[in-house]
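A single chain, nothing else alongside it, follows as structure tokens in the form predicted on its own.
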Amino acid sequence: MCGGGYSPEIRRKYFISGPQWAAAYRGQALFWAPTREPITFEDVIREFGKIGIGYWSTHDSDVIPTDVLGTDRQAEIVAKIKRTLEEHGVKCSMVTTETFYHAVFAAGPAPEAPEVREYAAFRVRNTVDIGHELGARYAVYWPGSLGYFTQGSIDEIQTLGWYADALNAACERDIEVAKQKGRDTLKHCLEAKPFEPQAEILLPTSDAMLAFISSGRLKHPEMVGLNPEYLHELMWGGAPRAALARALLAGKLWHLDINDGYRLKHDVDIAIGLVNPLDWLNVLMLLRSNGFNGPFNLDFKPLRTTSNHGVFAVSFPNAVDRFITLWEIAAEALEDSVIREATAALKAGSGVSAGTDADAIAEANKELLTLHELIAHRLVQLLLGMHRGRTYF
């Protein structure tokens, strides 16, 4: 597009998935009317195949009308999706359940009404069926409407217990279907978001999700991990890299939504690297050094100023190419001699034995601590190509 792009063959080497909802986003929002015409899953999968995005993901109701979920018509649509994926050399990597848009979820996916909770359990079990039929390996759950508008209107502990019941239903169904089909069970991944659409969210961060998984309410906690989203962790003012480190430490980082945006703002879902490329370089260094290499799900919204043609000619290929470039720069940074020597020197310490004399220890180490700034500068050099002698006169 502007130089520095990769071929479809190179792009397919990375575990990058493109969501149906991102490509089919029409530019609408709370204050915005749509700016693009609707497109189908056939359109999206075909264009992903051309670009070299090897994996596709979807909500159940992105591709199957809500009123035909669980019916024979669903089976017909799923069969058509399978044929389309095969035709264009794309695989389904992840399925997710919409439990936030339809009016039935006005009080959330775990409300007081038992019939609504029963319907929510049907939806997640049904999504498990869809996932196995399409060959997916992951199921993601975003409980965006799990919360309240007015404090005191719900019993938070009861609501979280009911939400656990829905996840238990999904896992139980997964075990059953996986055994029938001779497949591994899915990896069930929770996705946190600090605010929107409810006024208060019960599971607002990845750390809250980790606590929920270990609460004792899940029958199969070993089947449940995390799908953090970069921007969701940034929105509340946290550091995405630190949140991912905590997930890695817990062994629960299984899936990652990649995008970009701003702290303490709403969920703008800008494409990766357009706002915080240096932060993303640091994130990818962490992931590479800890053996995480996907899935990376392109959960962004093409700008509403972009045309339908531009979504696939500009937005998606360039997002993939920025990710690949940042991923490979991260590899370069991890092997960079300046960074490695500085890091080794910090870890070695001063070598001065001062016992319990705090002042002496501080004095001996104070020059070493300047290396923190040197490391940061070196990362900027690598990102901008300054290490190769780029200067301006």
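The structure presented is a predicted model; accordingly, all values stated were derived computationally and were not measured. All residue numbers refer to positions in the sequence shown, first residue = 1.
As for the form predicted in complex with ligand GCO, it is not shown, yet the points below apply to it.
Scanning 267, 233, 129, 321 against ligand GCO in the predicted bound form with a 4.5 Å heavy atom cut-off leaves one residue, 267.
A heavy atom within 4.5 Å of ligand GCO in the predicted bound form is found for exactly one of 262, 148, 100, 122: 100. Remark: residue 206 does not count among the residues lining ligand GCO in the predicted bound form, judged by a heavy atom distance of 4.5 Å or less.
Ligand GCO is not shown here, and in the predicted bound form it never comes within 4.5 Å of any heavy atom of residue 312. Contact check for residue 142: a heavy atom falls within 4.5 Å of ligand GCO in the predicted bound form. Although the partner is absent here, residue 15 sits far enough away that none of its heavy atoms falls within 4.5 Å of ligand GCO in the predicted bound form.
Heavy atoms within 4.5 Å of ligand GCO in the predicted bound form are found in exactly one of 111-119, 272-280, 246-254, 189-197, that being 189-197. Contacts to ligand GCO in the predicted bound form (heavy atom within 4.5 Å) from stretch 6-24: 21 only.
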